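The data below hold one chain only, encoded as structure tokens and taken in the form predicted on its own.
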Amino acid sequence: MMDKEMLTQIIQQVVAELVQEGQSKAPGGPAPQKEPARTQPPQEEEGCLPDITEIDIREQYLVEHPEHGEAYADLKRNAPCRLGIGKAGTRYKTLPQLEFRAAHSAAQDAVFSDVGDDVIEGQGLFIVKSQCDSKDTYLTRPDLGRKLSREGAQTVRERCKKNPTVQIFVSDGLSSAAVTANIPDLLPSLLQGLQNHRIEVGTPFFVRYGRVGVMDEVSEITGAEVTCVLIGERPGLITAESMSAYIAYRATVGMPEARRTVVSNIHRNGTNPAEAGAHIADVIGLVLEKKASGTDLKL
């Protein structure tokens, strides 16, 4: 019988070969492909397997003996789609199946984990909560995520500048990973962009367990002309780190969703967070100029 150590070595070898084959194999012939991020099992720790999340699926083409493979692969490089991953009989190959499960796990982690206090405090933000007392409540009671807790509302009244031109705040939303990955570049870029436009900004803060609709109450409490929330979006199987900015002119509780302007797909493989910050500042400038947002604003 094989002992545990021998079985671990076999698994390491098989996965390493799958990763190397999946990233270096050229569609339709031996044309050179992008070098894989990692082709050998990591050496840092005995028994550690390659990190398959480092594979760029836009460069991954696993169909054997394809017709017009090069043309198909060129199209695939334009979008991160799970296409051209081949099959073993009627089933997925091992590597795409492992990648799918890894992406699903990352999405779950993004939803169920919390943003670390160090990340929030590192941006100089104070923390308030919605009316949700836990992640479970947040997921099962969306209505409570759209309202500040009594203590949170009072804190915003006491600590935020009154009647600012623009009120910015951050919320975890459905992806703590998005906040952790993007806010260090996104928020400073946005604040710098507004400063360049000579637009007055209120006191930024962080709402834990917040939904997009909480911006309406924040707008009424602060008296802001424009309110903008930077929030983690529902993670998918391509990325768990996507953020969006929701912007509204004179938002009020109960207003229609059509009054919100959205800048979405903010992450390292989408709209770069630093560039997104500058773009959001431009959009806010236009909202102030036109005194409208959402479908009333013609971008």
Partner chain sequence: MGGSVTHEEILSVGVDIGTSTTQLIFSRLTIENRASSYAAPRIQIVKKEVVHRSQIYFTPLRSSTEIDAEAVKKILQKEYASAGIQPKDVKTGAVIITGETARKQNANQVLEALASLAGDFVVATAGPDLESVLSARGAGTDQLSQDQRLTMANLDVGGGTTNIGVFEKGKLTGVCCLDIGGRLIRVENGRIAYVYHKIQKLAQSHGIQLGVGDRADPELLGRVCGLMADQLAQALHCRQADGFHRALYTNDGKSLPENPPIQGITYSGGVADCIYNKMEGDPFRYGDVGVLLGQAIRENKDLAKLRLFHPAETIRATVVGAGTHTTEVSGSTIHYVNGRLPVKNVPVLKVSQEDEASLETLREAIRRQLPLYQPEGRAEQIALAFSGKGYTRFAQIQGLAAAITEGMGEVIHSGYPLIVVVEADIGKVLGNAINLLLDFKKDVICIDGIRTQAGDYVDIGEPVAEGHVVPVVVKTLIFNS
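Please read all numbers here as calculations on a predicted model, not as lab measurements. Positions refer to the first chain, counted from 1.
Not on display, but discussed next: the form predicted together with the partner chain.
- Heavy atoms within 4.5 Å of the partner chain in the predicted complex are found in exactly one of 66-74, 50-58, 250-258, 234-242, that being 66-74.
- The single contact residue among G193, P164, G86, G213, judged by any heavy atom lying within 4.5 Å of the partner chain in the predicted complex, is G193.
- Using a 4.5 angstroms threshold between heavy atoms, A16 stays clear of the partner chain in the predicted complex.
- The closest heavy atom approach of R198 to the partner chain in the predicted complex falls within 4.5 Å.
- Within this chain, N269 is remote from the site of the partner chain in the predicted complex, having no heavy atom within 4.5 Å.
- Though the partner is left out of this view, A274 does reach within 4.5 Å of the partner chain in the predicted complex, counting heavy atoms only.
- Taking the partner chain as positioned in the predicted complex, the residues of 269-291 that bring a heavy atom within 4.5 Å of it are, in sequence order, T271, N272, A274, E275, A278, H279, D282, V283, L286.
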